[in-house]
Structures are given as C-alpha cells and as structure tokens.
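Quick setup: one chain, the form predicted alone, written in structure tokens, and binding and motion questions come after.
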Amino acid sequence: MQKSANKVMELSQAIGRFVTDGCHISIGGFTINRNPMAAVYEIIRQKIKNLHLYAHSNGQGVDELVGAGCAAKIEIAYAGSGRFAPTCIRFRKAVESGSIKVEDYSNYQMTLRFQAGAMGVPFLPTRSGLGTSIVDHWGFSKQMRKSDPRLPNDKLVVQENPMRGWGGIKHVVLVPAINPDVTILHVQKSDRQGTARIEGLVFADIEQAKSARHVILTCEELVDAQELRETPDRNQIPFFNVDAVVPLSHGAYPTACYRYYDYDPVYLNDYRQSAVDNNRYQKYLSTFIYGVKDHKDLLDTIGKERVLKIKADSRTGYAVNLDRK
C-alpha cells in the first residue's frame, strides 16, 4: 500500500501501475450509478486483458469491460443498466458465446464476500441462497478451480448449523472471501491522501475498498483534508486503504454521480443500439474509446450542451426536467 501523503496521479498512470493483464479487479457503483467509467475506458484503451472481474450489481462498467474483451471471468450478482439494458447486452452475448466464465451470487452474498475479504477471514455464513439454484449451479468447474490457486475450492458450502440450538436454523451457506488485487471506485470527494467521501447510497463500495490489496479512487472534487475533518463521520474510505487518487470531473459519465450529474440517457440509448450489433459495437469502440485520448476528450466529443443537461439540481441531487427516454 502506498504510504505517501500525496497520492494524486494521472488516470493513465494509476491504471498502468496497478491494473495488469490477468489481475483480479473489482469496480464499484450500482447499475448506472457511480460506475468508475473513466477508469473503465482507460483500461480498455490500454488494452489490458484476461481480467478476473468482481462486481456487486454493476451495469455499464461491466458491460464495456466485457464487450471490449478485457475480462475473462466475472463474479457478480447482477449485470444490468436499468431500462436501457435490463441484462447487459455485451455481457449477455459473451455468456451465450462462452467467451467469458461467470459465477453468480445473490446481492447479499456478494456483499458478504467483500466483507469477509475486508475482515481477513476465509468465508462468512448466511442463509441467503438456500432453496435457490445459486447453490446448485456453478460457473467455474472443479477442474478450473484446481488449476487456478486464486479461486476457492468451492463456489459455496452448505453445511449444518454448528450452533443449531440458536434460532432453530438447520443449515447455513458459507460464501468465500474476495480479495481483489485492485478495487476501483468513483467518489464525490477525496483529499490528496485518499480519505474519501461518498454522498448518497454507498452500495458495496466500502466493503470492496477494504477487501482489496490496492485501491484507485477517481473523484469529482479534490478537497483540502481540513474540509473532510470538519465532519469526519461522513467519510467512508480511510486514507490507508487508498493507493491512488485521480481528480476527474464527470469520472462516472455516462452513469450518474449523485449531487453532481445524472446519467446521460442519450449516450446510454445510443450505446444500446450499438451494443446489439457486432459491427456497430466495433465502430462505437473506435469512436468513443480508442478514438479519444482521455475522458476529458470524450466529454468534449459529447459536447457541453449534453453535459449541461444532466447537471444535478442542488436541492434534489438529480437532474430536473431531464428527458429520460
């Protein structure tokens, strides 16, 4: 873990230093909310491949990493972008073609797995999943698990409750810990040392950060440490978990960042139209990812007028009068 008091760096530097071919990465956010999209696009531009990807319930970030061929395996509860793609389109195509291996868990199970990683224990017990096909259907075979030392021996274990006198519970499900090489989050505020503040729903981001060996934060605002110290109870990510801080306005675009901007329905609709067709999708990648040098260049390509339309209202935290169709 980086010990420097000043962890600010360029996004390309942070991705190049911590994200490598074949590493295990986790991305934060939920469906089309606060995905670390600038970082996702930089991973794609750097053509990093064979990633083992973890996510709670992510949408756009997962779909683009999978669609660009960066991910080989994924462990996730749900991959969808709301009404724009109830099931992520490139993700679904990859699953159907067999080009990616998927292990699925419930939302609660994924949170517990990150929590176990954060606690430094090999598993945590739950009742989530009992009576469902999640217990019986495995995405990673026994042979694959034996050949990869980073994979747990089992997807999960159902066992008799060793404290069965408690609550009348007969069985529990043991879910394995997750310890990513890198977790990437987009947050509203961070200081130079990496103390960070998330406004609004935090999803599983805190557990994801604390379970990882390295953490990259992109943030809307780089603020003075004193500002965060005035209300320390509102800070969720401690500096000692963080290795890189990247100040980046609209770093979650085209997904939303509460109190700063909403998702861009025009971009997401256009993406959906491109994603359903392989040739159009390649053109999308060439234009909006490989065809721009960085995230600022992407925003310049989209144009100020579109960006202004999704600006969040100061009272509600969302864009008002936004045509979400």
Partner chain sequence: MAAYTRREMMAIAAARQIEDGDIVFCGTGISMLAAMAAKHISAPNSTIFFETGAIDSRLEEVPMAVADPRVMYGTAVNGSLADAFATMQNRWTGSRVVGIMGAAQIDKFGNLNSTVIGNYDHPTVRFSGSGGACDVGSLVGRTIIFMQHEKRKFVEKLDYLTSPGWLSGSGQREQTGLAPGGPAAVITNMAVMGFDATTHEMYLKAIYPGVRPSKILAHMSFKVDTKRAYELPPPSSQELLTLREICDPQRLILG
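Positions refer to the first chain, counted from 1. Please read these numbers as outputs of a predicted model, since none were measured by experiment.
This next part talks about the form predicted in complex with the partner chain, which is not shown.
Under a 4.5 angstroms non-hydrogen atom cutoff, the partner chain in the model of the complex lacks Asn235 among its neighbouring residues.
In the model of the complex, the partner chain sits within 4.5 Å of a heavy atom belonging to Val202. Proximity of Thr218 to the partner chain in the model of the complex falls outside the 4.5 Å heavy atom cutoff.
Under a 4.5 angstroms non-hydrogen atom cutoff, the partner chain in the model of the complex has Ala319 among its neighbouring residues. Here is the short version: of Lys142, Arg150, Arg127, Arg229, the single residue with a heavy atom within 4.5 Å of the partner chain in the model of the complex is Arg127. This chain lacks the partner; the member of Arg92, His250, Lys73, Lys189 within 4.5 angstroms of the partner chain in the model of the complex by a non-hydrogen atom is Arg92. Here the marked residues Val40, Arg164 and His214 all miss the partner chain in the model of the complex; none has a heavy atom within 4.5 angstroms.
Only one segment in the set 168-176, 116-124, 237-245, 189-197 has any non-hydrogen atom within 4.5 angstroms of the partner chain in the model of the complex, and it is 168-176.
Scanning 89-112 for heavy atoms within 4.5 Å of the partner chain in the model of the complex gives Phe91, Arg92, Val95, Glu96, Val102, Glu103, Asp104, Tyr105, Ser106, Asn107, Tyr108, Gln109, Thr111 in sequence order.
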